[in-house]
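Presented as structure tokens, the chain that follows is alone, the form predicted on its own.
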């Protein structure tokens, strides 16, 4: 399997552990990643300014993939949603498709709709498969309870096809159990991590994050995991702020990417997976796993 890896802005500029763990794990499972040299933002930050630009931006990304005969793996939930929405909208709106391609023609590009966009949870669960992952791991991780937090855009909106659904087991939970851990349910895992309101009310956003962590702790989870860069930015990177704002020093849990956990099971070391860059107490989890 070969994919064009479209990292988006957040993973490429702030969430290095996600990129490192993707680059480390997927090739071990038979996935070849191609890295585009001339890429652009998916356009989400421009949605409040231009209705057209995000469609053009996403179509350009997919046109580059098509020019190389590749499908796309998009690790960012927001980018994945915007790319999927563009596929849907352009298919239904030929004049919009023509306007996009008129601009793309200046670069010798054309978007036709051939490229398929996948999120890592789909690549791992649907393309590689749980059974193959289980057979490929070198070290089954201890049966400790871990909660997933898939992130809003992996589930919503339902107007477009999304990788996960609330009406059934999460693919991410099946992947957690494929490497030996136990997926521990908690009531707020389908809710926003707080990132969506961070630019407008940082305190409110941090309080939301603190609430999600406390709910996971309340059901006995030893860690929380996601494949969304925004969720991990909040759940991993904002724990000190959460303690300060809430005054509750118990808001502490290892928060890390599923691909980091998968990498441990595949025999990669912590630095190869960027775990030295996590800000939550992942060393506590690592110590427990060594016992």
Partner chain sequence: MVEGEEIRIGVYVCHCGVNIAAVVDVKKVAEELSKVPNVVVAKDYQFMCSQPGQNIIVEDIKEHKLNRVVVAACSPRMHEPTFQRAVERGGLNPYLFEMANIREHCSWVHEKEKSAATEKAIKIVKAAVAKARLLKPLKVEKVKVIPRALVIGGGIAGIRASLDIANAGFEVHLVETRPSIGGNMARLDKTFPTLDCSQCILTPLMVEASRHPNITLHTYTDVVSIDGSVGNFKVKLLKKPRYVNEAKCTGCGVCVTKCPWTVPSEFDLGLGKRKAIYFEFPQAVPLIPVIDPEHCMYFQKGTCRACEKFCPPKAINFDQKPEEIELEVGAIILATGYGLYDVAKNMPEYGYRKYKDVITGLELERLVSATGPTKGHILRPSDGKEPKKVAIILCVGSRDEKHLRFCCRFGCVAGLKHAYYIVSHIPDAEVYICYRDIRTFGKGYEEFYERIRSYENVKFIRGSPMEILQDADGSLYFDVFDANTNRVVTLRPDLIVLETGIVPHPTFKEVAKVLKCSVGPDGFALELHPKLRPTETSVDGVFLAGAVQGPKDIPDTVAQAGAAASSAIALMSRGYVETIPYVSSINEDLCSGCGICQPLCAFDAISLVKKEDGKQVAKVDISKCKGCGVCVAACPSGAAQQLGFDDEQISAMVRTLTG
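Residue numbers count along the first chain shown, from 1. Keep in mind it's a predicted model, so treat the numbers as computed, not measured.
What comes next is about the form predicted in complex with its partner chain, which is not displayed.
* **Of 85, 177, 188, 71, the one that lies within 4.5 Å of its partner chain in the model of the complex (heavy atoms)** => Only one option qualifies, and that one is 188.
* Only one of 201, 98, 112, 158 has a non-hydrogen atom within 4.5 angstroms of its partner chain in the model of the complex; which is it? -> If I apply the 4.5 Å criterion carefully, the residue I get is 158.
* Have a look at 217-225, 119-127, 139-147, 71-79 and name the one stretch with heavy atoms inside 4.5 Å of its partner chain in the model of the complex. => This holds for exactly one stretch, 217-225.
* 4.5 Å heavy atom contact, residue 166 and its partner chain in the model of the complex -> Result yes; residue 166 sits at the interface with its partner chain in the model of the complex.
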